[in-house]
Every structure is written in C-alpha cells, then in structure tokens.
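In structure tokens, one chain follows: the form predicted alone.
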C-alpha cells in the first residue's frame, strides 16, 4: 500500500494545512491501495501563492531551457513507468494489458512533443507596422479527471511548462497517487521551485478554491459537463481563461458499402477499453438498415469475446468500474434503456461469470435504439454501446449531430474520400476515418457541451499564451 502525507509546494514536500486523509480503494477487490492527505482551501492558497511568486522568473526563461526540463521529465518519467502503471491498475482498475500503453506511455511522448514546440513561444510575426509576440498567460489551475489521470495531467502540465506558465495541479479523489509520483519526478529533475505545485482534496473545496482564486489566470478542467459549468461560473468574476474538456456521446457512422466486420471490430474495443470510462468513446454506432442485423450480430460476438475480470490478469480486457457509485450509475442506465424499449443484445446488469466481488459491469450492447432515448443522449461512462439504424446518409448525419455533445466521432465508408465528406458534416472536434489512429500532434477538444479550447498539438500550447502587439 502506498502512503503519502505531504504536498509538493514551492519545490518542497510540506505538511498539509488541512489535516484530513483519504483512503483510496481498489475497485477490483475493495482493498485499500493508498492513503493520501486531504487538504483544504488554505493548501490551495499556499500553492497558488508559490506559483505566483515563481512566475516572473520562470516566464523569462528561454524556450530552450524549458524544453530541456520537459525532456528531463520525459526521461525520468520513463524510469517511473512501472510505478505509474501500478497506480492505474490499483486505483482505476484498468487491466495491465492496456494500462501502460493507454495511460502512462503518453507521458514521455507528450513531454517530447511540447519540448519541440517550446520554441514557438519565441516566434515573432510581423503585421504591417506591428510585431506580434507570445507571452505565457500566467498562473494556471489544473483540475484533472480520474479516467485517464496521467494522460490528462501531462496534457496540461507539458504545454504550460513549454509556454512559461506556473501551475497548481489537483488530481481526482479516486486516482491521486500518480500526481505524488509526478511531483517526485519534477523534484528529481530540479524543476525550479513554484513552477509545479500539487495539492489534493475535494473538488467542492479545493477545486472551487483553484477555480475562483484571484491570483489564478487560467483554469483548465477535464470532467463532466455539469462540473465544467460550475468551474466556469466560479472563474467568471475574474474573467479567467477557462479551457474545458468535458463529456461526449460520440457517433460512429458505418456506411452501406463499408467493410462491416472491420468497422465493428474497431468500434467495440473503442467503447469497451477502460471499461467504457472514456469521454470520446464511440458509444453510438449508426448503421445502414440493410446491414443493421449483421452488424448487431458482429457486435454481440466481439463484445462477448472480451475477457472481463481481474485487471492484473494479462488476458483481461475489461476491468471493474472505478467505484461502486460509478457501477450503480451504469446499471441504472442499462435498466432505463430496457424499460424504454431498447433490445438488450448482450451484457446487462448481472455480474460477469465467476466474479462475486468488485465493481464489474458486463460489456453491454443495445439494439433497436432511437436517438430520443436517454441511453442515446446521455453519457453513460461505462461499457455500453447503442446501435441505431438509418436509411440515408443525410439521416445518419442528422442522428450523429442530434446530441448536446460534440467531442469525437468516426466514419467507416467504402473509401477515404467518401468517409471524409461525411466527417466534414459532423459537428465534433475529431473524427476517425476508416479506423484512423489517435494522434498526440493533433488538437483534441469538443464542440457544444463537450467543452471549449483544445489540448495537444500546437493549438494546445496556444491555450497557455497571451498575444501582444507592439506597434512601431
């Protein structure tokens, strides 16, 4: 069991002002996997003051110096890869076969990416009698989710370091240990005091303090749409910049002439990985009516082929939900879908065979779903796919866009050009074309209630910049 008792503030491990502690529960077996301090708003204030005091000197460092620190963090992070991966297995329940690849390996990749982009901060653009320069926005509060904790944390921290910002970072209550390890990494590479600061506690208190603090210039948050609205409201009085990466109910259009077997083989793991706890999961599969029943049978077979169980077992693809509360929320959605008339193809509310404990939910597929059902409109955040039929491409696109969200999407068509033409009509921040891979160099973010701003790519760096025009 991991035990932490201090926060990392101003380059030092310090006793929390708040005296609470929190036990982190392993969702697979209910055992305690870690004990961490649970601070209060005073801890958040101390961390913000440290970041504010460090900003003037850090913001004046060269891009090359900041890039060098990012590369050192990448190298040190690779040394701690096994430790970080174990926290994901123990606290989130993500199976070992995917935990490093999906959760931890991106740390070094993203650090290297933004190390290469740091020089962009020193580029000067001439516009008539003006030059336009970039400056770091200032002190940043970073409030991170539990579902992809390392990936989301470094997706905020790396561009902020590259830009010359200072920061205070808070992890989700369910998955905090990675942030303590990352603080050790920053300490080991000698990142200047006050550049990176971390605290831990409830979103209601510490999250609110970091969102509303008058010395914070930017708040970046990943989580639910409802919580993102609260963050925005708390940040509004000081007109802080707010970058939000929120929920999704992403569509996957499969055309009549598409390679149906390949498309379904792509779509099912996309929904079920991380036990469905993925904001950009392709949870609405929209299939032409002439291929619909064939697609349903393929989805059933693929979902039932996925091994569910102990996340330490290399054969397991689907682990437990992150918490008992999250499990119950997903089961409630499944029961609601059944009562609304959706056809349960596979899965449901029973425990997986051979399991008697743990927060497990079977990979679940619903057919005969219409887009007005709750299961088709709300983010379930579990291993649940809904399948919807269409008769024309225009109807498919209408169904795809008929959602309050717009985070991600996918199209599988007979060729790239046809798929791209459909993708351009979908109101979402990303679209996978015929199984296209994720790309850390491309911007990530959503339309509508899926958030604002972008992470990753050069656009992710620019979220942490202010532009200044100098007239001559």
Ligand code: NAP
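Since the model is a prediction, treat every value here as computed from it, not as a measurement. Positions refer to the first chain, counted from 1.
Here the subject shifts to the form predicted together with the ligand, a form of this protein not shown in this document.
- A heavy atom within 4.5 Å of the ligand in the model of the complex is found for exactly one of 329, 401, 173, 130: 173.
- This chain appears without its partner; in the model of the complex, the one residue of 271, 263, 246, 167 with a heavy atom within 4.5 Å of the ligand is 246.
- When contacts are judged by a 4.5 Å heavy atom cut-off, residue 359 does not count as touching the ligand in the model of the complex.
- Interface membership of residue 217, defined by any non-hydrogen atom within 4.5 Å of the ligand in the model of the complex, is ruled out.
- Looking at residue 70, you'd find every heavy atom of it more than 4.5 angstroms from the ligand in the model of the complex.
- Remark: residue 365 does not count among the residues lining the ligand in the model of the complex, judged by a heavy atom distance of 4.5 Å or less.
- Every member of the trio 207, 211 and 224 reaches the ligand in the model of the complex with some non-hydrogen atom inside 4.5 Å.
- Proximity to the ligand in the model of the complex, taken as heavy atoms within 4.5 Å, picks out 137-145 from the listed stretches 286-294, 137-145, 71-79, 103-111.
- Contacts with the ligand in the model of the complex, taken as any heavy atom within 4.5 Å, map within 393-408 to 407 alone.
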